[in-house]
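Single chain ahead, written as structure tokens, the form predicted alone.
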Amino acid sequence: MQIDYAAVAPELVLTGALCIVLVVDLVLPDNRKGLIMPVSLLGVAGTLLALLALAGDPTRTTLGGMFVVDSFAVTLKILFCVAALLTLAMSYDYLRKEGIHQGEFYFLLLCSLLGMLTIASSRDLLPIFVSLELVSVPAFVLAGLQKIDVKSNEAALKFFLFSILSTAVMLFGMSLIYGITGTTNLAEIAVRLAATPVLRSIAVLSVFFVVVGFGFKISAFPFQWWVPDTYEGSPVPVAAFLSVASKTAGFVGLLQIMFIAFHGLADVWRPFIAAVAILTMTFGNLVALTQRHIVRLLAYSSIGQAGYILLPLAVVNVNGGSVNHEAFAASIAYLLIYAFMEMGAFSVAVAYGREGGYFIDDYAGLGYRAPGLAVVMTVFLFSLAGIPPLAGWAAKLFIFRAVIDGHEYWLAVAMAVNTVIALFYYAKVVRRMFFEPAGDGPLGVKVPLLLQATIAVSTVMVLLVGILPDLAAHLARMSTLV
């Protein structure tokens, strides 16, 4: 089997960076561990450059068709690398202040990133499964890095237990589909299922198990119970990484399997996905209304956002066509935009939490004590709510238009209702910041330079895409698999 080394160059660069980080961590004294961060940063930046070199190239296929580099893969890999860079910048001062082992953190983060890169190019059940595990297993440890913190231990344990259960269910579904088709290649699965209608009932059962397995990865209802406790107990940069990059990796795998392998069964799984999407966004938004901790609020918000991203799958047409293309593009566009909104909100939570606290009540009077942080937090929260002219309104517009084009008007109504519900809890935080008297919090907040950079990049992207939504729409339409 010949290997196209140019196609796997980003993964090779990142693997080399992983090895270097591991060796550097072994030889550096404890008081110099901070040097591992720039090494990790350079590794991710090198990976990003290798990806940019592949952008615009014709589609490359290697490893017997299991690994494909196309516009879809390159776009999502770039997003993963950007999310990793923002997480690295967000975490540097946080790790030092909290006394978390930096070598372990950076090594595990890069391992998880490697899994995200490979899943974007996987067109076979085997590499998709292995990639998901490479994303998840390091994340278990990352969630529990605050080893003397009971909540951190609880976060890691819940994450681990729910994950292994979902993995078992997913693997069972994949083994069923392999048993009835004799292949693990996504395109071949679709062809053989279409050629053998008698296998349809077993294939439907397989689809159910696979969706349940992915439901955990993307925190869809009713598989989301681990999310709030895991996010709250994890180091906050880890929660941000899980909320953005890990969730996106789950969606990348799910989109590939549903649109390529199981496209011919869309008339069966479409109603199930519709029900899951509505329950997911409704549960996330309703429970978020009662939250008092900013990280838990963002956790339930991310559950609600997962419901929006799932909606386009509920309009997939068995016969293909422009509806499927627009539905796929809408989900991709939402993922691209969601990454910067969520990463920005978590960055502000880290910046203020260092001195002011992580409870929503702690944000009272923030507009007076640290107006800059209050303004950018308002930008991110209102963007998540879908208020124009911020990027979130464009993301929701793409989803809404895809649902309308699919003639599923009741889904559009459900989405509109949930958008209104979500505005209440986002506005609750904004009201605390600008319309309540300042408490005993610090007057002025010192934000480290790297954290400022994370907030600035996220803010610029949210404002830019909000004003020029066609940027995200064009990129998403170029990056579809249908």
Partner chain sequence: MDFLAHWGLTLSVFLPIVGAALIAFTPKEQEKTIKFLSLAFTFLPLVVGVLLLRVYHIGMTGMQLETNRSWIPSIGARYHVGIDGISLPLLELTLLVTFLCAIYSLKWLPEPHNPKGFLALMLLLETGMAGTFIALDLVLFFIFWELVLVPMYFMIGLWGGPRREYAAIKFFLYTLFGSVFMLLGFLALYFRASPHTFDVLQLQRIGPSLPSGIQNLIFLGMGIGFAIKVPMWPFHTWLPDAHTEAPTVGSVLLAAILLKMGTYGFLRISIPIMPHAARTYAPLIGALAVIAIVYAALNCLAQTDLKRLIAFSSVGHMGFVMLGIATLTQIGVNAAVFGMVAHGVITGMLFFIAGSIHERYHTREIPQLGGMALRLPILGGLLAFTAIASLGLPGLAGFWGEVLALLSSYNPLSALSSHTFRVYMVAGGIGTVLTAGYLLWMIQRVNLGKVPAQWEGKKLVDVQPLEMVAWAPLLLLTLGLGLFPRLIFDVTTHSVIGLTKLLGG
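Just so it is clear, the structure is predicted and the values come from calculations on it, not from any experiment. Residue numbers count along the first chain shown, from 1.
One more form of this protein, predicted together with the partner chain, exists but is not displayed; see below.
Undergrad: Any idea which of 451-459, 51-59, 29-37, 427-435 reaches within 4.5 Å of the partner chain in the predicted bound form, heavy atoms considered?
TA: Looking at the partner contacts, the answer comes out as 427-435.
Undergrad: Considering non-hydrogen atoms and a 4.5 Å limit, does the partner chain approach H407 in the predicted bound form?
TA: Answer yes; at least one heavy atom of H407 falls within 4.5 Å of the partner chain in the predicted bound form.
Undergrad: Residue-level contact is defined here as any heavy atom of the residue lying within 4.5 Å of the partner chain in the predicted bound form; does F398 satisfy this criterion?
TA: Yes, F398 sits close enough to the partner chain in the predicted bound form that at least one of its heavy atoms falls within 4.5 Å.
Undergrad: Does Q146 make contact with the partner chain in the predicted bound form, using a 4.5 Å heavy atom cut-off?
TA: Contact check for Q146: no, nothing within 4.5 Å of the partner chain in the predicted bound form.
Undergrad: Whether G99 contacts the partner chain in the predicted bound form should be assessed with a 4.5 Å heavy atom distance threshold; does it?
TA: No, G99 stays farther than 4.5 Å from the partner chain in the predicted bound form.
Undergrad: Heavy atom within 4.5 Å of the partner chain in the predicted bound form: which of W269, Y358, F382, Y94?
TA: Looking at W269, Y358, F382, Y94 one by one, just F382 meets the 4.5 Å heavy-atom criterion.
Undergrad: Select from 381-395 the residues with a non-hydrogen atom within 4.5 Å of the partner chain in the predicted bound form and write them out in sequence order.
TA: In sequence order, F382, I387, P388, P389, W393 come within 4.5 Å of the partner.
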